[in-house]
Ligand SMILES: Cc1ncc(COP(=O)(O)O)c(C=O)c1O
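One chain follows as structure tokens, the form predicted on its own.
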């Protein structure tokens, strides 16, 4: 069986040895210096001013929405657009925090929201914020999406959990919006077992995210920012200052274990994403070009494709079902991310007065799947994948 992932981390044996030594000698395993060191390293790698490290990508999604609410950038009842094809915990915070979720359909050839799809949605629904998912390492014309958002005063946030390292028009995905979220869950581009982050260049937003991450208190702020917030709220006693809660928050803190792993794994990230790109080219081009049973995926507009998993969108459910049978006990496959969110049971449980038509997202939900792209794939495994996915290639394109 060719698994979606093979190891907990890249270079797992070496990482585990170092981790065992760290745990046995560390004086502190709760949030501390290793986490803060990772924040600095990841912010520098991503090319943003701040990284706020959290315990998961899903927590990062919830934290950024809560932070924007706390700051008054958005308010309960606002319409928030989001990519219809995404992961559940991209959409769920919108429900949980009292916003009106507006799904936006994707383009079939990029699997992502385009500026055209966004503009079509804006004709029906004015939105205050767009939570855009960069699916599987791909994107559409996100530069034009940003222009639309700037013109319409829409806050653009990117869910970049599956596109770590992808570069479009000279800029890394995750750097187009006001902020972006990342996941370091096992199987993602870089693993800290559990972990996530928000990156931003905004001092104000970064400060609020640190409050949101830790109960609404100020312990992880710089001394200068602690003095400022304590003076604002007239908290003069050191006895009370450590237990003063300034705004709505959660406990989304990662541990020093996550931070230590992150500091090891970030040294390999460039190597990891280069291997993912190479695997994608070796596998996807033969699959997409040798048969007309699948919809083509466009990626030639992307400078550097850091692919998370290889999508295959079949032209009928029959083709998809046959493919699932051929992969059984041979190749681990899954639906494309979480599929169309409006096709998930939770969605219309909480939205009863609107019906959304997301034809492309629904097609991907019903006729799509994805397969492994991990940096440990062997040439033999790659050949086996191509063989299974191009079966009956006498039906191929002429």
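The structure presented is a predicted model; accordingly, all values stated were derived computationally and were not measured. Numbering follows the first chain given and starts at 1.
Beyond the structure shown, there is the form predicted in complex with the ligand, which is absent from this document and is the topic of what follows.
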{"property": "Interface segment, criterion being heavy atoms within 4.5 Å of the ligand in the model of the complex, picked from 170 to 178, 83 to 91, 206 to 214, 226 to 234", "result": "83 to 91"}
{"property": "Proximity of residue 245 to the ligand in the model of the complex, heavy atoms at 4.5 Å", "result": "no"}
{"property": "4.5 Å heavy atom contact, residue 56 to the ligand in the model of the complex", "result": "yes"}
{"property": "Partner proximity in the model of the complex: residue 293 to the ligand, non-hydrogen atom cutoff 4.5 Å", "result": "no"}
{"property": "Close approach of residue 113 to the ligand in the model of the complex, 4.5 Å, heavy atom", "result": "no"}
{"property": "Check all three, 61, 162 and 188, heavy atom within 4.5 Å of the ligand in the model of the complex", "result": "yes"}
{"property": "Listed residue that, although the ligand is not shown, lies within 4.5 Å of it in the model of the complex (heavy atoms), from 337, 364, 35, 68", "result": "337"}
{"property": "Neighbours of the ligand in the model of the complex among 107 to 143 [non-hydrogen atom within 4.5 angstroms]", "result": "133"}
